[in-house]
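A single chain, nothing else alongside it, follows as structure tokens in the form predicted alone.
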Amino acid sequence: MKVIYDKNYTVYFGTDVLNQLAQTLINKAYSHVFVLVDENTEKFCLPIVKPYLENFTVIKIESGERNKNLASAEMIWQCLQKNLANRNTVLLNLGGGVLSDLGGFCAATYKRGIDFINIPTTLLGMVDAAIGGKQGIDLNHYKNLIGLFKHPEQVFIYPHFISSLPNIEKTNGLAEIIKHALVDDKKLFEKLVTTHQIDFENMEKLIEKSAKIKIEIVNKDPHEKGLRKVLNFGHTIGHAVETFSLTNDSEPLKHGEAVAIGIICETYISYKLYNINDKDLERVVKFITANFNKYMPKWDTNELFKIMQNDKKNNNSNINFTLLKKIGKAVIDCNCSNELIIEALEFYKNQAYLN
């Protein structure tokens, strides 16, 4: 077991972290332990964690971004209230990004705040969602419009959970890893794009490296006043595409799939505005189209603009982007013409049909 971060909270990483979880719960002497799960983590992950817990209550929600909303939050609050949860209660968020965002939000607001511990069970959760202190829910499918900054008490990254994931969930987290490489670590980017096939069963070093990139950036700018904005690369268009998919597709895109589309589009905008090398643009496109399912967009451009205009990252009336000056170096608070955004969306569409 490794401690990969220990300042505002502790992030434990390794195959024996669950022993530390058990010890933490003993040391904290919580009055009540609640475990937030969905139908997938209840089936595949709770049996692994259960031997390390005593006298706990399960709270279950349906999986999927569509359920990261006020209705689910109210259900969680009501369960806490019904079971007489007090301020010495802890909520364990056993799941991916939806559960850590939602559970963290509910814990941070219930009785003005109870402890919560994140136990990410997806690749995306391990390298991104479970760390960093952003908690929130969606409003009318607009991403994370209601939320706050609140760190978990601790995070336990148990990489063996990845073996229980379907392939789509494995690649879902890959989008955040390539994002971390593009904005902060050129060597990691080179390693990723030259790897013939990602070995999802042996990703401990890659998970640890990617998580550390995010932790180091967040530690320097916890409330996203400056540097932390680099982590928004791929997310302006990505969030718009995800929101559109949630409201229009019978099988909505996963967060990572939408961010992957956003990365292609925003790398193209970077190519146009900051002269990113055309070879690097080609390598980003090739990596993403090789690792993510093909998505044939049927989006309404006007609707995408409407969504982007309501993005929480915007300044005044401008759609705000994080872009790349070069691989491994991001630039924040960028704007571009609507025509270039449309051009980038068309560029992605062409790649989707070609590959």
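Note that the structure is a prediction, hence the values are computed from the model and not measured. Just count from 1 along the sequence shown to find any residue number.
Missing here is the form predicted in complex with a small molecule; even so, the following discussion is about that form.
Looking at the small molecule in the predicted bound form, residues Asp184, Gly262 and Glu266 place no heavy atom within 4.5 Å of it. In the predicted bound form, the small molecule sits within 4.5 Å of a heavy atom of Ser164. Contact annotation for Val98: at least one heavy atom lies within 4.5 Å of the small molecule in the predicted bound form. By the criterion of a heavy atom within 4.5 Å, Phe44 is counted among the residues contacting the small molecule in the predicted bound form. Proximity of Lys229 to the small molecule in the predicted bound form: non-hydrogen atoms within 4.5 Å are absent; the residue sits far from the partner.
Exactly one listed residue, out of Met203, Ile177, Ile131, Ile213, brings a non-hydrogen atom to within 4.5 Å of the small molecule in the predicted bound form: Ile131. Figure note: of the listed segments 49 to 57, 293 to 301, 317 to 325, 65 to 73, the one touching the small molecule in the predicted bound form, with heavy atoms no more than 4.5 Å away, is 65 to 73.
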